[in-house]
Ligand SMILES: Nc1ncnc2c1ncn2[C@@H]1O[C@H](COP(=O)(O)OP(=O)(O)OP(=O)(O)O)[C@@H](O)[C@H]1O
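First comes one chain, alone, set out as structure tokens in the form predicted on its own.
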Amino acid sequence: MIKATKVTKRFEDPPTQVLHPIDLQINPSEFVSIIGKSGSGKTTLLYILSTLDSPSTGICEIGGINPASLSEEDMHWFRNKNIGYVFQFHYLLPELNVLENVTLPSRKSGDVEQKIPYALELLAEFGLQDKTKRLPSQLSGGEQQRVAIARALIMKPKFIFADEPTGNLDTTNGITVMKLLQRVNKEFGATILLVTHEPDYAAMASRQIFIADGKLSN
């Protein structure tokens, strides 16, 4: 479960209240989209819920854990084991091939070799079984994003946070990525939180939450 209680966010230079008190609960295995215009606070909220940022006030819990209670080392371990991230920009390492990029998170846990069969399985499911040795520069934008999703899944995370994952894709590839996220939610049971400004993509989640001026409306 992901839970936010009276969460706010302020930036001090210049003084700006980005999020007003927010209460939100996302249940296990739920696929939720947060939709809003640019500057509405949706990405800020995602970063807080995903432990990449801290609230100014309020409490955020993920999997029963309050990130504020963990040391930096324990937080890194928790993220690597439990959370997968998919961003608008895929952030694949250009010097690594597809298989190496997918297994990258497992380097931190020291079990790369054990993860290779699963990585190959994911790549086959995503139609990339013949691209394992290619570099990111040799892939299309849609293929790169599918690799990024496979990388997010390699540790079998309980939670996946996707920030505008279709932002740099055409409609066909955007729909492909959204259908992959739907499959991941249904077949892997991962809890997914998607941020988007596209109503059609937001509607592909099981629940939509709207945000405007840092305030939620269901």
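Residues carry their position along the shown sequence, with the first being 1. Source: prediction; values computed, not measured.
Although not depicted, the form predicted together with the ligand is the subject of the following passage.
Undergrad: For the chain seen here without its partner, which of 151 to 159, 176 to 184, 60 to 68, 38 to 46 has a heavy atom within 4.5 Å of the ligand in the predicted complex?
TA: So the stretch in question is 38 to 46.
Undergrad: Spell out, yes or no, whether the shortest heavy atom distance between residue 164 and the ligand in the predicted complex is within 4.5 Å.
TA: Residue 164: contacts the ligand in the predicted complex.
Undergrad: Does residue 18 reach the ligand in the predicted complex if we count a contact as any heavy atom within 4.5 Å?
TA: Contact with the ligand, yes.
Undergrad: Just give me the residues of 1 to 31, first to last, that have a heavy atom within 4.5 Å of the ligand in the predicted complex.
TA: Those in contact are 11, 13, 14, 16, 18.
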